[in-house]
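Heads up, the chain below is alone and in the form predicted alone; it's given as C-alpha cells.
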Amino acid sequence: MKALIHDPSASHGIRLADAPDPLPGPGQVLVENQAISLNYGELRNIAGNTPGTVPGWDSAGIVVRGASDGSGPPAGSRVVTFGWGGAWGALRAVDTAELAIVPDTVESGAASTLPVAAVTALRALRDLGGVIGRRILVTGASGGVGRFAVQLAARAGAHVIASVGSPERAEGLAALGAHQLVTGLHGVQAPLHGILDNVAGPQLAAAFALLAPGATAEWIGTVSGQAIPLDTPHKMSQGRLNAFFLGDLLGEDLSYLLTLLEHGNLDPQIAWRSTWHDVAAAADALFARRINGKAVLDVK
C-alpha cells in the first residue's frame, strides 16, 4: 500500500512511499482510509518512530474487512478510527473499541478531526467536574484541541475564557461560544473554576495561581516548549494540577461527538485541507502556528 512513512532524511521526517499492508488481529477491522487529520504532538515527536513505520493517530474511511471475532462493524461501514500509529496509510488495522460509525451526513474529513483533539477536549472537560455557570479558562484556544474545548465547555454551560497567543488567532472563537477573549492572561481574574491548558510553561503557573480552592487545571499540551515553574509557594493555590492522558477505548466518545457533528452542534474547524502529497506544507503551517484549527489530508 501507499503510506506516509517516517524517514529521518525527509522534510519533517515524513515521505510518501510503499509500505506493507497491515495484518488485522482477531478484534480488528481493516479500513481503507479516506482522510487523516494531523496533530501537533504526533508531528513534534515523529523522530520517536522507527524509520519505515507508518505513524499517525487519526483517520476515517471505509471498512473493507470485518473483524474475525465478529466484533465491530461489517465491511462497507464508514468509520472514524484511533490508534497510536498506523493512521497515515492507505489501509489501517484498528481495534473495534477504537472506532465509531460515521453518519451518512458527516463527511470523512470532518470525522477524522475527532479522535485526538475532540476526545481530549471532552475527557479533560469531564475531569473538571460540573462546569455549569463556572468560569473556565482554555489556553491555546486557537488550536485543534482548544477550539473543540471552547465549543464543548460552552455547550456544557460554562463561562468560557479563551486565551490565545495573539489577537489574530482569536478569530472565530466568539462564534464558537467563548465569552471572553484574551491574549495570554491579560485581563483574566480570579477565581477560575477550571483550566484546560494546552500551553504549559510560566503561563500555566500564573493561571494556576488564579484557581479557586479545590478547582482543577488539566495540563493537556506543551505548545510553549517550556517547563512549568510551580516550585515556589507564592505561585501555588489550593487547586489541583492534573497531567492529562487521553487513554484508550475512544469508541463511545467518538459516537457522541459524531452525533454532535451530525446535528450541527459541533464544528470541526478545518482550517487547512489538501491531499497527503502536501504533508510537508501542512507540517510547516502547523509548526509556524498558521493554522487556527485542524489540518486534514485526503488520502488520494
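These figures come from a predicted structure and were not determined experimentally. Counting begins at 1, following the sequence as shown.
The following text describes the form predicted together with a small molecule, which does not appear among the structures shown.
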TODO: Please state whether all three residues 56, 89 and 276 have a non-hydrogen atom within 4.5 angstroms of the small molecule in the predicted bound form.
DONE: no
Task: Interface membership of residue 194, the small molecule in the predicted bound form, 4.5 Å heavy atom rule - done: no
Open item on the list: Taking the small molecule as it sits in the predicted bound form, is residue 221 in contact with it (heavy atom to heavy atom, 4.5 Å or less)?
Closed with: yes
- [ ] Look up in the predicted bound form whether residue 145 has a non-hydrogen atom within 4.5 angstroms of the small molecule, and give yes or no.
- [x] yes
Open item on the list: Residue-level contact is defined here as any heavy atom of the residue lying within 4.5 Å of the small molecule in the predicted bound form; does residue 272 satisfy this criterion?
Closed with: no
Open item on the list: Given the stretches 243 to 251, 257 to 265, 23 to 31, 47 to 55, which is the single one in contact with the small molecule in the predicted bound form, using a heavy atom cutoff of 4.5 Å?
Closed with: 243 to 251
Task: The unique member of 201, 83, 165, 172 whose heavy atoms fall within 4.5 Å of the small molecule in the predicted bound form - done: 165
